[in-house]
Structures are given as structure tokens and as C-alpha cells.
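What follows is a single chain, given as C-alpha cells, in the form predicted alone.
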């Protein structure tokens, strides 16, 4: 069944996600932000390619049945929904509209945003994704759904199913964002352990390609050994499509969440420091797979 959908943020992930919404036959309007400067050319190109509507302002999206945000940070989401264009979106919200934040946002900030939208008659769900650009293109993302309104989740699932084939209800509002951050923390920790082992092994005289083969046949096997080392790092491709700065942000969210719930998790703090250092050395726009270059370059001779 076709529904009216507004989509804010057609970047590397947002573009293919929105494209799959259009392919599913929904009435789609798109709006893009580049550090809160309207990227009108990108909006027009998407609309032409995918037979959707190009919104000239964020306020135009407020009357849709669903509004999806796919933006870099919680702050970007908050500004788009409450502050941009003098709060045009919040002022124009249709009562009963469902806002779905699919960004990798801070779960604490999400729980703060929910009541603010509720006072304006809208329901907030968080539904971040995992699977990177290739699965975004094929519509096979894993989607983690948090929310306090079960009926809103049920209404949203058919729309979410146009973008992902594995939908998980994780609990109350903010739980999806918490799960996404914790997943990426685990991925970052695995990456960190693997590349440190490879650097140690190389210094000792081991061949890194052989090391990866051994790891993939042994208990050290993980996502990084199977999908990243040979394909992205040893090949020199460095093209996962996921920015280093975003991974550093997600790791920080996970470590900060540990502190917020008063759990002593020293590894999360160490991984947070390692990825922050890589971002500072290489820049936030570099590919996630390049983090080892920062750590390798920092080794003493």
C-alpha cells in the first residue's frame, strides 16, 4: 500500500534507501542537507531518477504520513526537525505523523527528542541500520527498531521492509540507536584487534595475507578478517563507503552510554580513544578501513 513519505538526507546511505522506498511504490518527497545548506541539485537529480518529489524546504515534509531522517548526528536530526527554517517542520507537523530517525544517533538524545515531538502530535521511532552501502542498494539492511508506541511500529514495518530484510524490535525509544552504537563498537574493537595483530605479525616477519588465511580458519575469524583485510586494506581499495568519522562517533556513543549507565567498561574507553586518534590524524571523511594507517604511522621506528 502506498504511503506518503518524506526523506531527509540522501547521502551515501540515504540515497539507495530512499530509492528503494520509491521502487516500492510509495509517494516519496526528498530533501537533502549538506551541513544544513540545501543541496538542491542533488535533490532534483534524485527526484528525476526515481520519480519522486523534490521538496524545497524541510517544512514541506511535515504533512507526510512518515518522515525519515538519515543524517550524520543527533544534533543534525534535532536541528532539522525542531530548529531549521525557524522550526518550520515542527510547526507544520500533521497530528499522528510518524518520524523515523534511521541515523546513527545518540540514544540519550533520542529519548529527549521523543517527548518534544509528541507535544506536537508526532510519534518518534528510532530505526538505525547495519549493512553499509551494498546492502542499502539491494534493500537487505538489518534494521533495529526502538519505540514506545507498538501500533506505530506495526504501521512503520511495511515501509521499513522496503529498505531491509531483517527487522528487529529492540525495545523502547532509543534502544535501536543504542543497539546500533554497541554493534559498531564491537565491529570497531574487532577491527582494532585484527590490524594490531597484523602489524605485530608483520614486524616479526609474518606475511599478512597468510595471517588472514589462518585467522579465517581459526577462532580469530570475524567480520574484519572475512570482509575487510584482503578486500579493502591489502588491496589498497579503502572503499567500504563508511566514513571513519562516523565510526569514531558511534564508538564514542557506545562508550559514553556505558558511562551513562554507570558500568565500568575500560575496553570501550580505549577503543573510543583509538578511533578518535585515527579521525584526528587522517580526517573524518576518510574511509573506515583506513584507520590502521593512522595507527601504523604512529608506531615508533
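Residue numbers count along the first chain shown, from 1. From a predicted model like this one, the values you see are computed outputs, not experimental measurements.
One more form of this protein exists, namely the form predicted in complex with a small molecule; it is left out here, but the text below deals with it.
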Self-check item: Check all three, 10, 14 and 133, heavy atom within 4.5 Å of the small molecule in the model of the complex
Solution: yes
Quiz item: Among 145 to 153, 209 to 217, 98 to 106, 160 to 168, which stretch has residues with heavy atoms no more than 4.5 Å from the small molecule in the model of the complex?
Solution: 98 to 106
Quiz item: So which of 71, 187, 228, 198 reaches within 4.5 angstroms of the small molecule in the model of the complex, heavy atom to heavy atom?
Solution: 71
Practice problem: Check each of 246, 271, 254, 233 and return the one that places a heavy atom within 4.5 angstroms of the small molecule in the model of the complex. | Solution: 246
Quiz item: Any chance residue 238 has a heavy atom within 4.5 Å of the small molecule in the model of the complex?
Solution: no
Practice problem: Answer for residue 80 alone: is it within 4.5 Å of the small molecule in the model of the complex, judged on heavy atom distances? | Solution: yes
Quiz item: Do residue 275 and the small molecule share at least one heavy atom pair within 4.5 Å in the model of the complex?
Solution: no
Quiz item: Would residue 33 show up as a contact with the small molecule in the model of the complex if we use heavy atoms at 4.5 Å?
Solution: yes
